[in-house]
Each structure stands twice: as structure tokens, then as C-alpha cells.
Ligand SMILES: NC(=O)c1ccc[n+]([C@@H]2O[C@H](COP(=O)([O-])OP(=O)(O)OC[C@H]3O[C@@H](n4cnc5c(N)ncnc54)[C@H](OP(=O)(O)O)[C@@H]3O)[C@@H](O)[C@H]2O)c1
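Shown next as C-alpha cells: one chain only, the form predicted on its own.
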Amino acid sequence: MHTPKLRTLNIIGAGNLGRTLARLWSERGVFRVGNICNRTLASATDATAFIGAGAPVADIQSMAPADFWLIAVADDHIEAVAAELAIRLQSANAEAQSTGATPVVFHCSGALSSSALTACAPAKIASAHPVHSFADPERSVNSLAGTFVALEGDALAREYLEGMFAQLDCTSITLSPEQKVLYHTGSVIACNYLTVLMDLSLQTFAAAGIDENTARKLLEPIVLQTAKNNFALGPENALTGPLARGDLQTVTRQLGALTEVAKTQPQAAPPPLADIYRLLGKAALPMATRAGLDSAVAHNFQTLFDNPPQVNPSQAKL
């Protein structure tokens, strides 16, 4: 019986994302991992060790031909890497034309469209953005299943990639180039800035004299439950706390306490916690009003956020 040839995948920039995808695709027999090219040969060698397949190379021009090329470098470097890869692909054009094979080149940026890869034409180009946090490849290998992947680009390339990600138990959606920036911005706000909010919360606990380890254990149940409530009920119905209840005096005391904390910070510190708290409060007010907050109370909150009162230190206790 004829066994179809396994498609080859080369990767330029095998960081957390590239390592995760390559290992899963290799383990499931979706791709044969070919060459890995990172900034340094040592980094490429480390990546192949994690993937359990592939061969490290020192530069793009030394990479062997492949059916699929993943450019997984930082967004700002994708076009430059694509231009360099185009030179490598041109040298293999005669072979590709004789076999009828056209390679697929794709990147995994959420913000950029496939047009960043235009230099690689006539290769089929696409972008494939997994909506997943690749902070730790070992964790991602075990948690990627169920992730949505936003595909954009050449129709045939999208079709191939949808099948490849389906074999990782991922679900694909298709976006237009015009949708990508705002789509990715929404992902950043929900994912990256949630992490920032956690850090700001831990800073506030630290100001209250509570160590980070205790604070993280204390916060975990309520943060996870809040996330579940948001997806089950929607943000308006999930919003709780003093603003949602109309507790103006509580929010006033909290702003006063955060203002006092700012006095202990160095001049070069990031925006004071009180300023961030006020901005978040302003952003929450329309949602709280839609959820039933009295309009007169909402107006008082708006006034408070626009003109925070001077609070005596004795009133600013956390």
C-alpha cells in the first residue's frame, strides 16, 4: 500500500509558540520537523531538544527545502525575515516547479496579516494565530487542545492549516486582513492586561503588608470564579464590588489609601495606583449603569474619579 509522504515543516524563530506547535505536530505525525533556525545555533539546538525532532542550522540560507515554513519571530521582524526567506525560496524555484509543489509560508502574529509575507510569493501565504498564552511550552503542550485559531490569507493555505490545527484538537475561524488588528487588540486586553491587573492587585496587597505568596493564594479562588462568571453571565451581570453596589464612601477611602501609597513611591515609578484605579472606575461606570446602578450615583462616581478629594492619612487606611 502506498504511504503518503509526510509534509516537512521548517521553523524560523522557534520560541515558546514554535516549540509547542512543532512538538505537538511531530508527536501526532502531522509534520516531519526539518530545520530550526533561531538567533543563535545554541538556541536552535535547545529548541530541537524540546521538540524531540528537527535539525538546528545557523542561518536561513542553510535551511533545506520544506513544504511548510513557519516564521515565529517577533512581529516587528516578520517582514525582514520573510524577505530573507524569499531569497532562499527563489533558489529552490526550479525544483518546486518541476514537482508541482508550492510551499506554504505562514506566521502566527495576531496583529499582522499575511501581507507581511508578500516577499515570499509565489509561495502560498497565511497567518494563523492561536488564541493561547504560550508562557510555558511544557504547559502549552498539555493545554493547547480546545484553543481557537484565527486564520487569514490564501484560501488553499488556510485550508491546509485548518486541517493541521484540527489534528491538535483546535478550532479555526477565518478573519479578513482588516479585522486582525482590532481582533488582536481585544485578545491583548483580555489576556495580557489581565496579567497586568493581577500585578497591580499584588502591589496593593504588598502595600497592606501581605506577602505575595499569601496574596496569590487568597486571590486565586475569587479571580477564577470571576472569570467563570464573565463567560457564563456576561460582564454586566458578573460585575460586583463597591462601584456596582453604589458604595461611594468605600471607593473614596480606597482612592485615598492608594494616594497615600503613591507618596512612598519613587518619582520615576509607573503611573500611581490611584490614577489607574480612577481610570478603571471610569471604564466600569457605563457597564455598571447598564447593569442597574442609579444614574445619580453614577454621576457622583464620575465626579469623584474626575476630581479625587484630598483625604487625610487617618482616613486612608486599607
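One rule holds for the numbers: they count along the sequence shown, beginning at 1. Every value quoted in this text rests on a predicted model; they were computed, and no experiment measured them.
Below, we refer to the form predicted together with the ligand, which is not included among the displayed structures.
Although the ligand is omitted here, in the predicted complex none of Thr204, Leu219 and Lys282 has a heavy atom within 4.5 Å of it. Of the residues given (His132, Arg88, Lys180, Arg158), His132 alone sits with a heavy atom within 4.5 Å of the ligand in the predicted complex.
Contact annotation: of the candidates Arg290, Arg28, Arg39, Arg32, the single residue with a non-hydrogen atom within 4.5 angstroms of the ligand in the predicted complex is Arg39.
Stretch-level contact analysis of 65-73, 246-254, 272-280, 48-56 against the ligand in the predicted complex, using heavy atoms and a 4.5 Å limit, identifies 65-73. Interface residue remark: Ala22 is not counted as part of the site for the ligand in the predicted complex, having no heavy atom within 4.5 Å. Taking non-hydrogen atoms only, Ile12 approaches the ligand to within 4.5 angstroms in the predicted complex. Taking the partner from elsewhere, Leu17 is found to have a heavy atom lying within 4.5 Å of the ligand in the predicted complex.
The ligand is not drawn, but in the predicted complex it has no heavy atom within 4.5 Å of Ser113.
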